[in-house]
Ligand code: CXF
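Here we start with a single chain on its own, the form predicted alone, put down as structure tokens.
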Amino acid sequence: MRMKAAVLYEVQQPMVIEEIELDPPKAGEVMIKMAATGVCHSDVHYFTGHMPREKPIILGHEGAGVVTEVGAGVTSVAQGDHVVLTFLPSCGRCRWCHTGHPNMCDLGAKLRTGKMLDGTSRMRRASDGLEINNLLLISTYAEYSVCPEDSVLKVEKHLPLEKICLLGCGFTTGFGAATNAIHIRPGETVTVVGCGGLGLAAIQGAKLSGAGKIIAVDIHEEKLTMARKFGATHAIQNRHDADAIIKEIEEITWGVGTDYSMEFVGADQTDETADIAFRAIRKGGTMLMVGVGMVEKKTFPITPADLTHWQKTVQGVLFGDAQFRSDIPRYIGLYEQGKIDLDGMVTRELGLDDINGAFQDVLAGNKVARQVIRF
């Protein structure tokens, strides 16, 4: 079948909206008619070249839609089901899935190939048959997606897909970091460095966990305003003076530092933001590194002596350390109870034709929490 999709041919060049030929699902795969997809900063990393991928490629990895066709052997979903797509598949059989870490499923080894799990492609340019690579097995910047059954989760049909699509990546990553990777006790303190979509979700998680002080740090005053809206008790604007920021955090915490910190920025700001997040925590505190840094970066602004003398912990977190088949339904329940806010996370909705402008808004940094493409 033919569909419209946004294709990236070169880094830092506008994506091309064009006709793509999409093959039907093979065994173990499903076809999804996309309803909505979030514009995540990780997609922009592929656009800028910070995270290299073979091109041409269709980006997008945070989506929701309706099943239109299933391949042989598919049992968890059927035609007409509503689903959330996740960028990390879970086979349910490997060691990591069985020990409570499906975010590290062995299927992840195939995410960088640009092909499906069987090593073949499902997408070609309609005009000449040029093979198009997929992103993380799902490529949601397209009207349809063929993906593994292991990458989709069935949800109830009454749910707004344009909101719960955020659970496929950004919200789950941020909220899960604050509620899965660490266990905040009532009254404990948290620093959140970077208040985009992930950071705002983490602030919601920290608030729901009973954190006493939630300190938001960002370079944009607009993002700090959003952070206060979602539960931050304090906000510090980063004017690229780490010493001043740490001094203010120490004043807020009576000279102790926060129990936890979470870094959500990554990219080429990693040295600065990781330094702030590490210095923000108290003796024996824990820092979570969630932001995606540049692949070629090999150093980190934390010394072994500081780790030893202050007995601090630095922990990487992938997809909020989520067990998505149980966590996403739980988050949906919290959303329906009004305990988490997905609606407010969506700054604006747009069409696929506006994707290049949406990327520029993400790069500007101060305009949006999350943009959602509606199909």
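Here the structure is a predicted model, which is why all the values come from computation and not from measurement. So that there is no doubt, residue numbering starts at 1 and follows the sequence shown.
Here the subject shifts to the form predicted in complex with this ligand, a form of this protein not shown in this document.
Against this ligand in the predicted bound form, the set 191, 236 and 276 makes no contact: no member has a heavy atom within 4.5 Å. The partner is not drawn, yet in the predicted bound form one stretch among 24 to 32, 41 to 49, 321 to 329, 337 to 345 has residues with heavy atoms inside 4.5 Å of this ligand: 41 to 49. Shown without its partner, this chain lists 87, 230, 141, 175 as candidates; in the predicted bound form, only 87 has a non-hydrogen atom within 4.5 angstroms of this ligand. Proximity to this ligand in the predicted bound form, taken as a non-hydrogen atom within 4.5 angstroms, holds for one residue of 169, 217, 200, 206, which is 169. In the predicted bound form, this ligand sits within 4.5 Å of a heavy atom of residue 136. In the predicted bound form, no heavy atom of residue 289 sits within 4.5 Å of this ligand.
Scanning 11 to 31 for heavy atoms within 4.5 Å of this ligand in the predicted bound form gives no residues at all.
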